[in-house]
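In structure tokens, the next block holds one chain alone, the form predicted on its own.
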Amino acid sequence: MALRHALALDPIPADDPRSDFSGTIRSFDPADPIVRIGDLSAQRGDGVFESLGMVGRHAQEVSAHLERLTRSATLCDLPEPNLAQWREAIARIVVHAPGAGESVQKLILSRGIDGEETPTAWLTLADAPDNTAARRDGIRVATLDRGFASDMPSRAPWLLLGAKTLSYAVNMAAIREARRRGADDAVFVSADGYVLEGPTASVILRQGGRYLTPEPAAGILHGTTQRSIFHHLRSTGAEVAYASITRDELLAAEAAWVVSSIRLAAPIVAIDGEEKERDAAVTASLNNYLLSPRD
């Protein structure tokens, strides 16, 4: 993705009452170095992030993303973000987005330099990849064993399951493995057979007319796009629910999608090589909604 603009942010405490953030947010050329070599984001992936989709100069679901950034920071024992400061940074970078089309803001909060105990943070603005084909034609997925049971989050909270951390090496490896298997993307399944999420997306399926998504308590990210879609579906009178979903139930579903802030809603058209029907009308409706300004 081509970077358009970048901001460095000097994080202030969450309870700092100031409303003037002069001196704490500064622009820099995205081609210039900004992260010091000793930063733990680079050395250990020790930090958290969010990716906000943008349509024109409107940042989508800002509150939901900042709430999740805060939750991820809490799970990782990072200082709580000052949300007013982050909102100001988001507003400053928005003006550099194109007036039409899609782009993406990335918010990054790192533990900072080892031994200094001062977090570092920055934001970037980039053109979004063209996801037209995935939204229209769908994607093929491979199911991959995530390597832990669905009750693991309660037994091992130090694994940070459910936090959106910078440590995405496993997620990227899963996508590469899916492609080796002839698929476009992966869907993780727990060791005890329950559907979890994709490496960069949530999973939604329709079963008996109801729209279902896996329980966040199983150690997955509570997707901002999934939550927004559920809100939209409820407004149309559809029934939505969180549930424990097996791989067999995913295979038998009437329709299924992977959804995320940047790709939006992509119908699943094959699972482990088994072809699946896609609902073009519902998919188009979901993407029309997701491309509308959402707060």
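Everything numeric in this text was worked out from a predicted model, so none of it was measured. Sequential numbering from 1, following the sequence displayed.
A second form of this protein, the form predicted together with another copy of the chain, is not displayed here; the remarks below concern that form.
Visitor: Determine whether any heavy atom of L3 comes within 4.5 Å of a heavy atom of another copy of the chain in the predicted bound form, and answer yes or no.
Guide: Although another copy of the chain is absent here, L3 would touch it in the predicted bound form, with heavy atoms inside 4.5 Å.
Visitor: Is the gap between S41 and another copy of the chain in the predicted bound form 4.5 Å or less for some heavy atom pair?
Guide: Yes.
Visitor: Decide whether E249 counts as a contact residue for another copy of the chain in the predicted bound form under a heavy atom distance cut-off of 4.5 Å.
Guide: No, E249 is distant from the partner.
Visitor: Is there a heavy atom of G209 lying 4.5 Å or less from a heavy atom of another copy of the chain in the predicted bound form?
Guide: Outside the cut-off, so no.
Visitor: In the predicted bound form, does each of R92, A266 and D279 have a heavy atom within 4.5 Å of another copy of the chain?
Guide: No.
Visitor: Heavy atoms within 4.5 Å of another copy of the chain in the predicted bound form: which of the stretches 221-229, 83-91, 128-136, 102-110 has them?
Guide: Contact criterion met by 102-110 only.
Visitor: In sequence order, which positions of 25-39 have a non-hydrogen atom within 4.5 Å of another copy of the chain in the predicted bound form?
Guide: The stretch 25-39, when checked against another copy of the chain in the predicted bound form, contributes F28, P30, A31, D32, P33, I34, V35, R36, I37, G38 at the 4.5 Å heavy-atom cut-off.
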